[in-house]
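Take a look at this single chain in structure tokens; it is the form predicted alone.
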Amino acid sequence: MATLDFEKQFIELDVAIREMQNLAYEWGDNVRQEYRRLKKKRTKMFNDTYNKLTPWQRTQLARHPDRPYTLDYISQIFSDFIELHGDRKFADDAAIIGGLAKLNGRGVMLIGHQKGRGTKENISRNFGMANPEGFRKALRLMKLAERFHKPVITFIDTPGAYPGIGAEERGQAEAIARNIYEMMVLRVPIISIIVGEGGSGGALALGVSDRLLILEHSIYSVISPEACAAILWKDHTKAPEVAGALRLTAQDLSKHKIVDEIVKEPIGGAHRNFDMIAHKMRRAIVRHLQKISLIPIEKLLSQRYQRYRDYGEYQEPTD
């Protein structure tokens, strides 16, 4: 398992605990007492660390290479998944996956960003950064879901849309804008879940929904901390302090009423107990889908539109 910078404090302690465990039965009560003391100290340190994470530490956790990705959740939560490919215009973008599946016997359309495991797969999936054809594939699947009256469930996990020259030539900005517009008027219920990084327009292109959920250690922001620091100070090393200013954590987003629910993760992150987080996510999806499915579609569309009109705070100048 990969170790983040702030997790390195546990390594030396874990080594000492393993050594004490090996010696405990051979050296008697004194060693066993020391072993129990170190175990207790480790547990307290572990809990204290993850209950007081800074925004930058949460950002690191959201990007953890062992964190579950969209296909991991699909295999655990849904059944009968059939992946659909291509935008019918240019190509199939592996950074976005989608297809039909069943949730408790009900047909749904699943769409999400997909990162890779290891260098080779990450390159093939472009590190979860979609090209225009990826967003157009997603839109094609959304319109298919609308045609057959299937709810749409999206999984968001991307640093942002791919900013390459080819992507811009093929209409990256238009593809993102088109998805935002079409999702706003899509005549089926939509649930979005931020499972890792929610970066920039690449996230918003799958994020216009009736209910927006976020995992406890996920992030959602108009720009990454590194990019923001590079623009404002020409210094990406200021990213840790920028992360706090961006208000990108699940807790900040809930406070500002951007997200509807924070799905609690196991202590240490979703990658430490995937079965637990998948179970919690399944329950949250089922609960919200049942509620919004009871709302007449015209009212649902009106609520969806008003939800995004209400985002943000501002003050009008007074004379």
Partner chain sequence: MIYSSYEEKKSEKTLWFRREKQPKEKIKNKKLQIPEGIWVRCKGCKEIIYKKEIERNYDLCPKCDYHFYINAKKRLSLLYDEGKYTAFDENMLATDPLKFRDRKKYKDRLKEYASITGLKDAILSTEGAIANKQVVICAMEFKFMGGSMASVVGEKIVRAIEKCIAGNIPFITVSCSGGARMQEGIFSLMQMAKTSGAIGKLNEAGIPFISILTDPTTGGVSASFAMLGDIIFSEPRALIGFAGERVIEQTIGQQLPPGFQRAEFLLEHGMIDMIVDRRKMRDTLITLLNFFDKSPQNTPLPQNQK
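All values reported here derive from a predicted model rather than from experimental measurement. Positions refer to the first chain, counted from 1.
We do not show the form predicted together with the partner chain, though everything after this point is about it.
Asker: So which stretch, 178-186, 113-121, 138-146, 72-80, is the one near the partner chain in the predicted complex (non-hydrogen atoms, 4.5 Å)?
Answerer: Every other range fails; the passing one is 178-186.
Asker: Applying a 4.5 Å heavy atom distance criterion, does A278 contact the partner chain in the predicted complex?
Answerer: Flag for A278 set to no.
Asker: Heavy atom to heavy atom, is D5 within 4.5 Å of the partner chain in the predicted complex?
Answerer: D5: no contact with the partner chain in the predicted complex.
Asker: Just checking whether R247 would be counted as a contact of the partner chain in the predicted complex - the rule being heavy atoms within 4.5 angstroms.
Answerer: Yes, R247 is a contact residue.
Asker: Decide whether F155 counts as a contact residue for the partner chain in the predicted complex under a heavy atom distance cut-off of 4.5 Å.
Answerer: Flag for F155 set to no.
Asker: Would you kindly say which of M109, L204, I190, V195 lies with a heavy atom within 4.5 Å of the partner chain in the predicted complex?
Answerer: When the partner chain is considered in the predicted complex, the option within 4.5 Å is L204.
Asker: Relative to the partner chain in the predicted complex, which residues of 168-183 have a heavy atom no more than 4.5 Å away?
Answerer: Contacts from 168-183: E168, E169, R170, G171, Q172, A173, E174, I176, A177, R178, I180, Y181.
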